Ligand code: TYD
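One chain is shown next in structure tokens, namely the form predicted alone.
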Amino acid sequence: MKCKITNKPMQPFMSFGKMPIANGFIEKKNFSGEFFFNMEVGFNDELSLFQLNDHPKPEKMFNQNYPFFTGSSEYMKTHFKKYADFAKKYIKTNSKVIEIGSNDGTFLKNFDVKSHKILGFEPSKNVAGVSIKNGIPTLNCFFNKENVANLKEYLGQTDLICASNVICHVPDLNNLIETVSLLLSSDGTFIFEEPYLGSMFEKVSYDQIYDEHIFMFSASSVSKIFKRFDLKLIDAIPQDTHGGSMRYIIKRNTNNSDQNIKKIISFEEKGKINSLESCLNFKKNCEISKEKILKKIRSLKNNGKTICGYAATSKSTTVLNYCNINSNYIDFICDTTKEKIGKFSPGMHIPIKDMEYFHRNTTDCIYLFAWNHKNEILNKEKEFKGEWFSHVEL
């Protein structure tokens, strides 16, 4: 499925090769029918936008068996509490609040359902079910014009729309932004957080790129995209989540001061973040990173060391398949998500084990795939005295 938000063709500058569904943890009996796509990335100069050239249909990724629950991380629960507190300054009593991609309701549960009318949109049936069970009003569908058409009480009357690590998942940005505009009141606010392009370039965290992450945004690209719909980026605030994210605040065209936005965009221009030159430099750095991690793993194995992976993340799928790291290198990956345990990693088919198995089986070294949750994990696993490592500097 092609990504297209302008009529200008986009030339890919790098391919990561054949890639499976990032969250497609698989049973052994299904290995032969596993889905793969060619994961290429390109740069849209017109919108300063880094994006996948092709991607699977959203229904292949977000379905009745989506194996990710926001509430499984204490760090993310704390983050979403702070995020909700920040967002509340844009609403009053009896406000209408919508979250796009509300997952298990971890963010929305911070809003008082007696004081506000809240609604989540979550396309993955199993995750939406958890949210509903927890008392969060949730629609099990994608957020688009077709699915909001009958929400008469929200059309033009929604005070706050929020999202986190979701907007980059949506291939039809035009439809999404038109839907946001349909719902927002005249003084309504749209706030969303996404992994930041500048942070990905700086850390060479190419594992941020996978089927769900169709776009990697910068302040420049967000400003240009929303301007086409008479919506204005009025502020951008750096976040620590996902290894470096940005929180974007959007309103209808207003006279709000945007001095901070001018500073950030100037920073991006000076650093050439929004240029094909930086993309090509990123490509070289990815290739260097790949060789470096393979050299590290081979050295450990040649010295008789055992290696396990920690956290069967979506991001790990990109690393394992791009670097061709299989069970000859990593014995198993431990995880807490029951939907993944007993299955195998997408593409490379490394077995996924529970945490009890990890604690029973001594290993020499751990590849930390969830490097962005380093502090939380290292604090949790203080008993482990071996070596931790990752493709991103710990």
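Heads up: residue numbers just count along the shown sequence, starting at 1. Please read all numbers here as calculations on a predicted model, not as lab measurements.
Note that the form predicted together with the ligand isn't included here; everything after this is about it.
Taken together, the three residues Ser73, Tyr210 and Thr336 all lie with some non-hydrogen atom within 4.5 angstroms of the ligand in the model of the complex. Heavy atoms within 4.5 Å of the ligand in the model of the complex are found in one stretch of 175 to 183, 115 to 123, 141 to 149, 306 to 314, which is 306 to 314. Listed residues His242, His79, Lys96, Lys109 were compared with the ligand in the model of the complex; His242 is the one with a heavy atom within 4.5 Å.
Mapping the unseen interface onto this chain, His55 falls outside it, with no heavy atom inside 4.5 Å of the ligand in the model of the complex.
Within 4.5 Å of any heavy atom of the ligand in the model of the complex lies no heavy atom of Lys18.
Among residues of the shown chain, Ile377 is one whose heavy atoms approach the ligand to within 4.5 Å in the model of the complex.
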